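One chain is shown next in structure tokens, namely the form predicted alone.
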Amino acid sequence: MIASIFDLTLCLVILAAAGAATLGRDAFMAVVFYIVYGILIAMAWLRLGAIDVALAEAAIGAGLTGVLLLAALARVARKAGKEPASAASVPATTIATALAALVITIGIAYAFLTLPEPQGLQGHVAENLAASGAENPVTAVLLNFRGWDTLLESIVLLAALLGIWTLAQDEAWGGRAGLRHVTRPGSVLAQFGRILPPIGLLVGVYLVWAGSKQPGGAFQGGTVLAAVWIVTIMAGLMQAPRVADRALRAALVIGPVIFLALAVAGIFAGAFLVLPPAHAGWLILAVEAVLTLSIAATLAMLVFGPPEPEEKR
């Protein structure tokens, strides 16, 4: 009974946070409620027993995406020369978008409620788990049985970064990403910049190492490592890298390239993106390690943004 009340309350709070994030007139508060919404969704996934999805939502959906939106909001305010003003009234486009979203939501809900009872793939995954090279069924699906999804996700992430870099001014190309961060030596952010990175580094590496046996993996570990790098930069302990840096570019592409090369090599084992059972375990660990490096570098550079001219830094 108590669990049902908690779940119902959680659903209502999620709806309230979503409404505040989409209908609020203040941009900063909308971002804050979006972050709250992501944390609540992570709690909902935990209640459903999907720990891997909950970790991804908390790290990427609430954490890193929230930081990205805050950075975008600050950049817009800086270009405007003042804080974003609150809208005097709700524009017609917002109302039209809300109505369209409501219609789509009703359609999805109707389709979901009228679907036949799902059979699920748990049985098939369990039968082939021993040959997958991973004890965690989620890792087995993402890195072996449905490796296509993970490969394409890493490529799309890299494409998003390239899209952001195209926004750079010609004279700024090749320079350092984003603006210089200056923090008072004794501030809270400066202290966090010294304390959190070692802890975050251990957590990120652990998530990757443990991903083959329990919840964790490249995206969760990569997000934590990206957050460590972002906090260090924001604390003013180091500068963001230059987008022309060869080491950075190697880190960005090594994950997708190694994964794609392994997929092509699978042709000789019988089919594209097929891992030989005898070597699947260490191959999955190797792919997760390089993917973690690429994901961490890509997510951090997404937050830093395009390179800026030196006079603006």
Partner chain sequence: MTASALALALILTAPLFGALAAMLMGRRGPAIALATIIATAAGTLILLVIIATEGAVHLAIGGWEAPLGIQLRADGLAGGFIATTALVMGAILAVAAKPFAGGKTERRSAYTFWPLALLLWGALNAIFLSGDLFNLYVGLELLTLVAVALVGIEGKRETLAAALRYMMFALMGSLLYLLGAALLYAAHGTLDIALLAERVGSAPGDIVAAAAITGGLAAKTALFPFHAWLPPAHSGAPAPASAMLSGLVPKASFYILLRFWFEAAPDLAGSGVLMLLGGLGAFAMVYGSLLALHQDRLKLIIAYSTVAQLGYLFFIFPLAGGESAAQPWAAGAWSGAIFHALSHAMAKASMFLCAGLIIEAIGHDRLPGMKGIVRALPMTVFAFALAAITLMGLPPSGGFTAKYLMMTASFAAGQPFWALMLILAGLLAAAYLYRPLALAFALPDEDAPAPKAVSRARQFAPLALALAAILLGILSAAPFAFIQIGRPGAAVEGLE
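Since we're looking at a predicted model, the values are computed, not measured. Positions refer to the first chain, counted from 1.
Missing here is the form predicted in complex with the partner chain; even so, the following discussion is about that form.
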{"property": "Residue (of Ile95, Met238, Leu102, Ala159) lying close to the partner chain in the predicted bound form, criterion heavy atoms within 4.5 Å", "result": "Ala159"}
{"property": "Residue contact check: Arg242 to the partner chain in the predicted bound form, 4.5 Å heavy atom", "result": "no"}
{"property": "Contact flag, Ala278 vs the partner chain in the predicted bound form, heavy atom cut 4.5 Å", "result": "no"}
{"property": "Touches the partner chain in the predicted bound form: Leu260 (any heavy atom, 4.5 Å)", "result": "yes"}
{"property": "Partner proximity in the predicted bound form: Asp149 to the partner chain, non-hydrogen atom cutoff 4.5 Å", "result": "yes"}
{"property": "Stretch 247 to 268 - residues with a heavy atom within 4.5 Å of the partner chain in the predicted bound form", "result": "Arg249, Ala250, Leu252, Val253, Pro256, Val257, Leu260, Ala261, Val264, Ile267, Phe268"}
